[in-house]
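Here we start with a single chain on its own, the form predicted alone, put down as structure tokens.
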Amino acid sequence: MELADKAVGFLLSYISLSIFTYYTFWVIILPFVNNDHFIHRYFLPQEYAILIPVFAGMVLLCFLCIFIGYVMLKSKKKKA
């Protein structure tokens, strides 16, 4: 079991580092590269650099609010 936990942790770390590197390159370095350079084919338009994190944050906030509401309702029912 310990080996499986390490493998999952490594995989999650690798995915997080890959996303961070891709996003950092996309937002910080890509604006300084010419628009006709071939590297632009591997990235979405710049507008999505803001829209994707905002959308992900709103979805996370909604799920968090739903979870907190569910826990509050469930704990209220146990007291009654």
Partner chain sequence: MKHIVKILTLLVAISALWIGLLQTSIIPRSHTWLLPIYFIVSLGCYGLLMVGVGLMQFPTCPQEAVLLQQDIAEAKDFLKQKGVDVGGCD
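What you are looking at is a predicted structure, and each value in this text was computed from that prediction instead of being measured. Positions refer to the first chain, counted from 1.
Another form, the form predicted in complex with the partner chain, is not on view; read the next lines as being about it.
- Interface residue remark: residue 44 is not counted as part of the site for the partner chain in the predicted complex, having no heavy atom within 4.5 Å.
- In the predicted complex, the partner chain sits beyond 4.5 Å of every heavy atom of residue 69.
- Remark: residue 8 counts among the residues lining the partner chain in the predicted complex, judged by a heavy atom distance of 4.5 Å or less.
- Proximity of residue 39 to the partner chain in the predicted complex falls outside the 4.5 Å heavy atom cutoff.
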